[in-house]
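Next up is one chain by itself, shown in structure tokens, the form predicted alone.
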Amino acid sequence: MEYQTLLEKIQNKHPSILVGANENCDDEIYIKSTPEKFNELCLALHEELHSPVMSMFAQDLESHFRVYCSFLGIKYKKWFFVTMDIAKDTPQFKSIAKEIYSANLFDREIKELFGIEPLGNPDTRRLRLHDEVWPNGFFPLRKNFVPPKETGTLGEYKFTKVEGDGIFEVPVGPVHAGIIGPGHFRFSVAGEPIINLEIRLGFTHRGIEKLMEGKTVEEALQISECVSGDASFAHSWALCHAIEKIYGLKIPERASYIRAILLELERMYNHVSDIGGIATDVGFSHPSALASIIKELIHQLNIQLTGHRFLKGVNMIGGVTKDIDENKKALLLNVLPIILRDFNELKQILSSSTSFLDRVDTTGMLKKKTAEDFGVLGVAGRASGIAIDLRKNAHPAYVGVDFSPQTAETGDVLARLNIRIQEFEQSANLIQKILGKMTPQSINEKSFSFKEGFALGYVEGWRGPVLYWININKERKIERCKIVDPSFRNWQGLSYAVIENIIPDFPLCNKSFNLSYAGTDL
């Protein structure tokens, strides 16, 4: 097996680094390490696979904690997990964040939720369990957790302090105008240019991963649709994908195609909404209104296809609940050209406005190296030259569907806008191609055996990779659920993209990323 050659190469470079490796699923490799060799092995995989830390999380087992760190091997079409066991009487491990910065937020999360100290990480501030309301010594993802009866001691969150003559701070939020979620943005400016932005989230923490514990897979599926509402289909598919892998369940090809079609519709309505939002943030109301019309047309199409504007209630373990029959296929083929006609008009309005282009060109630039360090993926990553798209690189549902990830190099607002434009048109094209591949077949597989085990489910949502690592116990309940929404890592990219811009351009930069507060505040 090709991946074994990789492991042998690493072993030859780093003797005694591997304790053992096994293939959990066709696309998942688990490599056991010791705490002493964990960092060395993670760094070796990071360098060989050219992958950021895709996910890093802990699990509370009966006699010890186990930490997992995952990387994506695009060449091998496999996910590599490095694991180590940590004694409960000494809950600590050596942080890898200084060597691989994309692990930093995961380090902080593990400390916050499990009380396992990442030694050497200079930033271990809380992400979601704010000091003002959450007392010390309570770690909600431990099995023996009992909710605190008292509140936290009111303390001041330690924002990074930028000092010097002429430097002042501008706090924004956490409550904002409109219906967006809460987040605190603290700008440090010297005159007009921003020299630092620090983002504090967690104001809508809902304890989703704790809520998943002890749930049946059907109950967990309903919860997944509410994790981040504008990506409900991607989240529910990722959860189904994980559970289907655990059960060894091969879903019908038709169901896989229907999922892909609906995922592309979710991508389309969100992308056109963001394009309209970018126009709104520069006061360009005409294309914004047209974008709203196109978005509403897709929502109405969603209702006609599935009965729900946001495509909820479609995914099930083993396939889908709604078919795309010949009448719905004809509907799609009739409506898509109308959507593309209106979208082409929207694109022409934007591209012909020099004042609009002047506002978005070179604004909010995120360099490729910075994006790589933070592990920024999805639309924001591809706009900075990172050509990772799980639809092309890893997901079996798109095998045989010819397309290439859309990328740019400049990493500015214009690049992120163009990626959305290109992906909108590409999604419409993909839907038409997939419709042509569908043959009469069942849309779900209801005959399967329940099994205990664990697996990773993954989907390229419209923002980027949505990951669900699920562990099911012998009682057929969720033992552990680790969710990674792309927003979790990408907020850091926004904080760097705004540097050297002015505060009035922040809404424009922010909308070009359009990250989810809910998807981050799990």
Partner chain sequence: MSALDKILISSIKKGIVTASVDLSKIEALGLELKEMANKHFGRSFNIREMDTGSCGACEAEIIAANNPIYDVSRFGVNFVASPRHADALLVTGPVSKNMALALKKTYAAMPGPKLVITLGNCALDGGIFKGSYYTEGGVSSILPVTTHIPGCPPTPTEILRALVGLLKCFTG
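Numbering follows the first chain given and starts at 1. In this text, all values refer to a predicted model and were calculated from it rather than measured experimentally.
Absent from the display: the form predicted together with its partner chain. The rest refers to it.
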Inset, instruction - Spell out, yes or no, whether the shortest heavy atom distance between residue 342 and its partner chain in the predicted bound form is within 4.5 Å. - result: yes
Legend entry - residue 415: touches its partner chain in the predicted bound form, heavy atom cutoff 4.5 angstroms: no
Legend entry - 4.5 Å heavy atom contact, residue 7 and its partner chain in the predicted bound form: no
Inset, instruction - Would you please decide whether residue 251 lies within 4.5 angstroms of its partner chain in the predicted bound form, comparing each non-hydrogen atom pair? - result: no
Legend entry - Non-hydrogen atom within 4.5 Å of its partner chain in the predicted bound form for each of 19, 43 and 159: no
Legend entry - Contact residue in the predicted bound form, from 92, 321, 362, 222 (heavy atom within 4.5 Å of its partner chain): 222
Inset, instruction - Using heavy atoms only and a 4.5 Å cut-off, determine which of 227, 314, 260, 84 is in contact with its partner chain in the predicted bound form. - result: 227
Inset, instruction - Given that the partner is absent here, state which listed stretch (370-378, 133-141, 406-414, 234-242) has heavy atoms within 4.5 Å of its partner chain in the predicted bound form. - result: 133-141
Legend entry - Interface residues of 435-461 toward its partner chain, as seen in the predicted bound form [heavy atoms, 4.5 Å]: none
